[in-house]
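One chain comes next, on its own, written out as structure tokens in the form predicted on its own.
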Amino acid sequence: MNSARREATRQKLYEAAVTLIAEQGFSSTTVDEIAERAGVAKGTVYYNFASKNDLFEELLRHGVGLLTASLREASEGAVASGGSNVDALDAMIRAGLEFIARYPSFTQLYVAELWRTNRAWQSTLMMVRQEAVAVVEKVLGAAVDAGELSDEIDVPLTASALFGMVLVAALDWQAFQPARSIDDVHAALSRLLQGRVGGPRV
């Protein structure tokens, strides 16, 4: 199987697994069901992944990797177009909302797994989460250094708070306020960023 075809197969398996696990939980989801939902033979699952646990661990790594890349791209794009570091943070909020709107099942699964500490993939989950938060932390630090934000903020904690804010607000939007547009939700979170975190040094 060539690399492009194998990657396409793995993508189908990721999509099938995340949908099933979001619907019925990890323990209740079988490899047979994942294969059936993906439209492949059961052996294809084991050709690509050693076990269901391995598939799920790689799914988390893959999904959070996509989120991290989208945050980084949004930040770099804002700065390249002449924006400030706060503009870059705002662009990351938008990118996070767009990611969650595109992959709602993955986001639900990811947030649920963050609260479980007995999983085999817990260390992987923490590692990829930190990679995503580090993108936010880097821009926050640059904003503080540039005088765009107060030097009194706790950068690591604020980065985690912003990351979590977008995840939870987006899930609330999807579940309870789906009629609201992404522009509306982004504007609300943007105002929160500008009012609560922003503000030059005095």
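Since we're looking at a predicted model, the values are computed, not measured. Numbering starts at 1 and follows the sequence shown.
Not pictured, yet referred to below: the form predicted together with the DNA.
K.L.:
Quick one: does residue 19 come within 4.5 Å of the DNA in the model of the complex, counting heavy atoms only?
P.N.:
No, residue 19 stays farther than 4.5 Å from the DNA in the model of the complex.
K.L.:
Answer for residue 31 alone: is it within 4.5 Å of the DNA in the model of the complex, judged on heavy atom distances?
P.N.:
Because a heavy atom of residue 31 falls inside 4.5 Å of the DNA in the model of the complex, the answer is yes.
K.L.:
Answer for residue 43 alone: is it within 4.5 Å of the DNA in the model of the complex, judged on heavy atom distances?
P.N.:
The answer is yes: residue 43 has a heavy atom within 4.5 Å of the DNA.
K.L.:
Should residue 147 be classed as touching the DNA in the model of the complex when contacts are defined as heavy atoms within 4.5 Å?
P.N.:
Residue 147 lies outside the contact set for the DNA.
K.L.:
Consider the chain as shown here, without its partner, and state which of 37, 138, 52, 61 has a heavy atom within 4.5 Å of the DNA in the model of the complex.
P.N.:
None of the others qualify; the residue that does is 52.
K.L.:
Heavy atoms within 4.5 Å of the DNA in the model of the complex: which stretch among 153-161, 61-69, 22-30, 172-180?
P.N.:
That would be stretch 22-30.
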